[in-house]
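A single chain comes next, written as structure tokens; it is the form predicted alone.
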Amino acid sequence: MTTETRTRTEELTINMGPQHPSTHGVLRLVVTLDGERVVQVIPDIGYLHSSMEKIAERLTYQQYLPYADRYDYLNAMGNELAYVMAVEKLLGIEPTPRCQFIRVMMAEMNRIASHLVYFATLGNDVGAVSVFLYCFREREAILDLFEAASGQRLLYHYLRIGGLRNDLPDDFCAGLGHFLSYFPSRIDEYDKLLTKNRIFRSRMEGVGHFSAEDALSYGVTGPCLRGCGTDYDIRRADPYCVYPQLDFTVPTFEECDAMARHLVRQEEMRQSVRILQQCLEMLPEGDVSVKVPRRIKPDPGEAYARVESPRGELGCYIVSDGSEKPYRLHWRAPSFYNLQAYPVMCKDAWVADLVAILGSVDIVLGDVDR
């Protein structure tokens, strides 16, 4: 007669965060562990809640525009784009061709800058400290271009309802062309330094598995969805600005793990280079703004505009009551939906994998809390 011996363990609940550097923002994770195996993760959000949507109800349409920059501060140009597109739908106006091209250029530059922050912070999370300095070297070059165009390096307030605040400086296109000439070789550096590093791969491959079916049911979009093999990108699914005129591919990977999400972002930077090169070649002359009333008072109605942010589908929904202030405004923030999927990705992972998986989701807490 044999007697089974079973090791009895006691589950332990601990907190990760809300220390800012460790969790990509002010986020608290309530983690239940069985030894070093993760039983459950509950994200505790709300530390940055700033009533960004309610504030819109007491400001005019023009006054609210600077607020759009501030919640996903790594994608300020994309935030502005979603907002002005929604207001322009309410007004029934169409920006000029030159404005449309410049808006795409700004959005793609911001995509690269955001992905560079992702690369830098993820590398730091898993112990590859050097890559942080490499990525911020190139990000500084992009911020120099943003500063030349808008006067700001993080929160730009450059787009306007009906156009842009100002045209590009005379040397902007030459500066952007120079950046595009050497940036692909820098992506190759990141690939050798981080992506092909065997320690990094061991931390990312097979970790944080998340199926396409789960991604769709949770409303996950962006690289987290395309890392599950689903070819869905707003720039193709619901084209806006001049994206239908541009030739680029939507990267997808089938592995459904943290490494797949990482590879999507790496390839997206190469595709953004392609888009920017085409924009420089095709950029037309002309005005950058159309005439709009000084007091914007759209007819009663509603409008929804969406763009492909570095984190997924970013949408702005506005209800107008005919006054010069929005009656209601709501943001469809991709980080909020993507963070919902984080507990599923962490199920039965090791505690050491938690930060790597969180980094692969690439959330911005201002985008989550608003």
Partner chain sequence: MRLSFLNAERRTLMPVHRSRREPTVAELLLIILEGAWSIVVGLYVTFINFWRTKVTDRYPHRDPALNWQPRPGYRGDFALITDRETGKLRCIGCQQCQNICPDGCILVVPEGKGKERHPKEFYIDAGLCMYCGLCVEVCPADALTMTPDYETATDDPRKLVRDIDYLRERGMEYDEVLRVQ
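Positions refer to the first chain, counted from 1. What you are looking at is a predicted structure, and each value in this text was computed from that prediction instead of being measured.
This next part talks about the form predicted together with the partner chain, which is not shown.
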Exercise for review: Indicate whether the partner chain has at least one heavy atom within 4.5 Å of a heavy atom of Glu255 in the model of the complex.
Suggested key: yes
Practice item. Answer with yes or no whether Ala120 is in contact with the partner chain in the model of the complex, where contact means some heavy atom within 4.5 Å. Key: no
Review point. Is Gly206 close enough to the partner chain in the model of the complex to count, meaning some heavy atom within 4.5 Å?
Key: yes
Point to revise | Interface membership of Val39, the partner chain in the model of the complex, 4.5 Å heavy atom rule | key: no
Check your understanding: Within 4.5 Å of the partner chain in the model of the complex: all of Asp214, Lys291 and Glu324, by heavy atom?
Key -> no
**Study point:** Option from 59 to 67, 329 to 337, 42 to 50, 308 to 316 whose residues, in the model of the complex, bring a heavy atom within 4.5 Å of the partner chain
**Key:** 59 to 67
Review point. Pick from Cys279, Ala260, Ala82, Ala76: which has a non-hydrogen atom within 4.5 Å of the partner chain in the model of the complex?
Key: Ala260
Point to revise | Single option in Gln245, Ser181, Gln152, Thr249 placed near the partner chain in the model of the complex, where near means a heavy atom within 4.5 Å | key: Gln152
Exercise for review: Could you list the residues in 319 to 351 that come within 4.5 Å of the partner chain in the model of the complex, counting only heavy atoms and keeping sequence order?
Suggested key: Asp348, Ala349, Trp350
